[in-house]
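Taking the form predicted on its own, here's one chain by itself in structure tokens.
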């Protein structure tokens, strides 16, 4: 990414405390949020707080309620019940006032593909009543930080997916919001552009911007300050990635085999095996006691004629934590 910075003027269980957060000024507060669409309960009694300068992640599969929560926070969707406060403004009572303090970047950001990069930025600056002088100064800083300074005359429709997302972020930041809402911002974006996008987010965090993003990418979840693990419209766990990992029951083993699916089938349901998750060419296996279970695993796999390359204890990732804490051992 082009060098430059964008600047803007506790183990937790659901039966203990779902909204553990650092002691810092609260910028976003959601309490008792619920939303239904007909018979579907999309969001059910969600509570959380986000402090200044945090990157707060809403993590879960499709249908978990992430987008619905983001739209309610942005004031574009009314909650059935509950209260939302953003930067001291009651979103429920005055959503238009709240929009002056935040930016919302939905999954498909509304860029105009028949306008150039510069024209899109101009349009969003006008939309938020940013003065010409402020818009010019700020847009140049944003373009440089995002690596788009040389593409101002290019039509948005001719940009790559990653460049479109960075342009969308620039447009979302042109009015200097204190809170940034990003709904799965890197879906479909190549790995290099994803890394560059996160570099921009880190710079924003350092300048005090509060960021809430939703993602289904578990590697991205690792980058957040705190995570809310969502399932069926509810926040089941909420804490830092490190503390969530410490909450995961058992010890994680990574077993590499030329036939990982057969390995998974052989170990599922075996005594002392707490969970089995297929991860590409390897299988992550949670066990209660590695010293006892590793010899048993070797013997069991030999009996099933499943050859293995290695077994080693590893640090769990957020995907392991998500599967373990929510009690689902299904694999793709």
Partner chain sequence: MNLRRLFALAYKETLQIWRDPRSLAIALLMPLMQMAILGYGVSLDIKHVPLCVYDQENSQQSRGLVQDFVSSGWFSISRRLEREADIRDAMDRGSCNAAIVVPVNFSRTLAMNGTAPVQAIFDATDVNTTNIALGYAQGAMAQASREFVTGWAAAHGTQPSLVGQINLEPNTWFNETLDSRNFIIPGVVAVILALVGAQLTSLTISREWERGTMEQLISTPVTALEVMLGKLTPYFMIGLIDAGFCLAVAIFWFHVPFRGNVITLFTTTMLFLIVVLGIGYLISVRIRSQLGASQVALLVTMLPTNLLSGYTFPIDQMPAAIQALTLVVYARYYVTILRGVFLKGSSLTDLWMPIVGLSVYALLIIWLAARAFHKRIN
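Definition used throughout: the rigid core is the maximal C-alpha set that superposes within 1.5 Å between two forms. Residue numbers count along the first chain shown, from 1. Values in this document were obtained by computation on a predicted structure and should not be read as measured data.
Only in words, not in the display: the form predicted together with the partner chain, which the text now covers.
Trainee: Any chance residue 178 has a heavy atom within 4.5 Å of the partner chain in the model of the complex?
Mentor: It does not: once the partner chain is placed as it appears in the model of the complex, residue 178 has no heavy atom within 4.5 Å of it.
Trainee: Does the 4.5 Å heavy atom contact test between residue 185 and the partner chain in the model of the complex come out positive?
Mentor: No, residue 185 stays farther than 4.5 Å from the partner chain in the model of the complex.
Trainee: Quick one: does residue 193 come within 4.5 Å of the partner chain in the model of the complex, counting heavy atoms only?
Mentor: Residue 193: no, not in contact with the partner chain in the model of the complex.
Trainee: Is there a non-hydrogen atom of residue 130 within 4.5 angstroms of a non-hydrogen atom of the partner chain in the model of the complex?
Mentor: Contact with the partner chain, yes.
Trainee: Out of 247, 116, 259, 240, which one falls within 4.5 Å of the partner chain in the model of the complex, going by heavy atoms?
Mentor: Looking at the other structure, the residue within range turns out to be 116.
Trainee: Could you tell me which one of 254, 149, 111, 216 places a heavy atom within 4.5 Å of the partner chain in the model of the complex?
Mentor: Of the listed residues, the single hit is 111.
Trainee: Within 4.5 Å of the partner chain in the model of the complex, do we find a heavy atom from each of 236, 322 and 325?
Mentor: Zero of three within 4.5 Å in the model of the complex.
Trainee: Mind telling me which stretch in 193-201, 138-146, 100-108, 217-225 gets its heavy atoms within 4.5 Å of the partner chain in the model of the complex?
Mentor: Result for this chain: 100-108.
Trainee: Taking the rigid core as the superposition reference, indicate whether the CA of residue 247 shifts 2 angstroms or more between this form and the one not shown.
Mentor: No, the C-alpha moves less than 2 Å.
Trainee: Answer yes if the Cα of residue 115 shifts by 2 angstroms or more between this form and the one not shown on a rigid-core superposition, and no otherwise.
Mentor: After core superposition, the C-alpha of residue 115 moves 2 Å or more between this form and the one not shown.
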